[in-house]
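One chain comes next, on its own, written as structure tokens: the form predicted on its own.
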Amino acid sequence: MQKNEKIKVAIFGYGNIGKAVEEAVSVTNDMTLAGIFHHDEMGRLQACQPDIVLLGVPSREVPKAVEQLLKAGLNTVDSFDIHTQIPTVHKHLDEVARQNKAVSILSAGWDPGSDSMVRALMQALVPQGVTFTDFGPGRSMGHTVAAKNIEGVKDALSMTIPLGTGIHRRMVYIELEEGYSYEKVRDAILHDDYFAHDETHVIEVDNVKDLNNVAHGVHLSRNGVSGTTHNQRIELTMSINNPALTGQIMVATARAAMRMAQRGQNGCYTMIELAPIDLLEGEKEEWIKRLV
């Protein structure tokens, strides 16, 4: 890419995240939309040859889709949100990205993603201590998609309720397909890996759309020691529109990925491995003047 050439962005998957990415791209000055592609259009996407692909597919589909795109020599950004699987997926995709001379940014949402960067900074500022991440109250997109994919579920909404000190309750509201047993569907949800580790309540309702709300939030806090000084406390609180923030973060991360590609930094990265200044549109000298 030439210095002032716009980044050609393709969107793969067009649900809430894909639509939010499209909106975020539309208000940048350094990107242009190369195309929007659905699940069955991988071949057409590859033929388009964008500079980078931003994935809006469910997390469980991300590793396979990213691997296929990387093998085609395409750079990628995704918002994969299954925390426990990130180290294994990261290691595998790093090998694939390096072999195909591409850059992939894994788990570029707000958590995991930008919250991960904040936790890393908190860890550096307060090396000894405890960090708590409390989500919500609000809609979890990943958990909602997981519930919708359970056999017998017509529609679903999963709300995350913070109980404090990083402990959460999942409130899962479901509409059933005709002929399915509530008890059978409830048990399948409770044993799904997305829900098995938290207190989860499954509630049958007549119409999920009456409950739908994309608001969410997070409160990050760390208490501990800087040097030998105790009682250090750092906090961050956000109230957000879930898909809008995820889409914005993915677009900013795509910018960083292209700068890394230009520097030959091939491989798969998480957001804590990125230089924050690479996320920002414009020249780094101007941001140093404004932010330092």
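Residue positions are given as counts along the sequence shown, with the first one as 1. Nothing here was measured: the structure is a model prediction, and the numbers come from that model.
If you look for the form predicted in complex with a further copy of the same chain, you will not find it shown, but the lines that follow are about it.
- Query: Has each of A34, H39 and N212 got a heavy atom lying within 4.5 angstroms of a further copy of the same chain in the predicted complex?
  - Reply: Not a single residue of the candidate spot has a heavy atom within 4.5 Å of a further copy of the same chain in the predicted complex.
- Decide whether R233 counts as a contact residue for a further copy of the same chain in the predicted complex under a heavy atom distance cut-off of 4.5 Å. Looking in the predicted complex, residue contacts with a further copy of the same chain include R233, since a heavy atom lies within 4.5 Å.
- Contact between T270 and a further copy of the same chain in the predicted complex at 4.5 Å, heavy atoms? Close contact exists here: in the predicted complex, T270 approaches a further copy of the same chain to within 4.5 Å, heavy atoms only.
- Query: Contact between I240 and a further copy of the same chain in the predicted complex at 4.5 Å, heavy atoms?
  - Reply: The answer is yes: I240 has a heavy atom within 4.5 Å of a further copy of the same chain.
- If you check in the predicted complex, is G15 within 4.5 Å of a further copy of the same chain, heavy atoms only? Flag for G15 set to no.
- Query: Among 197-205, 85-93, 144-152, 178-186, which stretch sits within 4.5 Å of a further copy of the same chain in the predicted complex, heavy atoms only?
  - Reply: Partner-contacting stretch among the options: 85-93.
- Query: Among L125, M171, A72, L190, which has at least one heavy atom within 4.5 Å of a further copy of the same chain in the predicted complex?
  - Reply: Checked against the cut-off, the match is L125.
- Taking a further copy of the same chain in the predicted complex, which residues of 265-290 have any heavy atom within 4.5 Å of it? Q265, T270, I272, E273, L274, A275, P276, I277, L279, L280, K284, W287, I288, K289, R290 sit within 4.5 Å of the partner.
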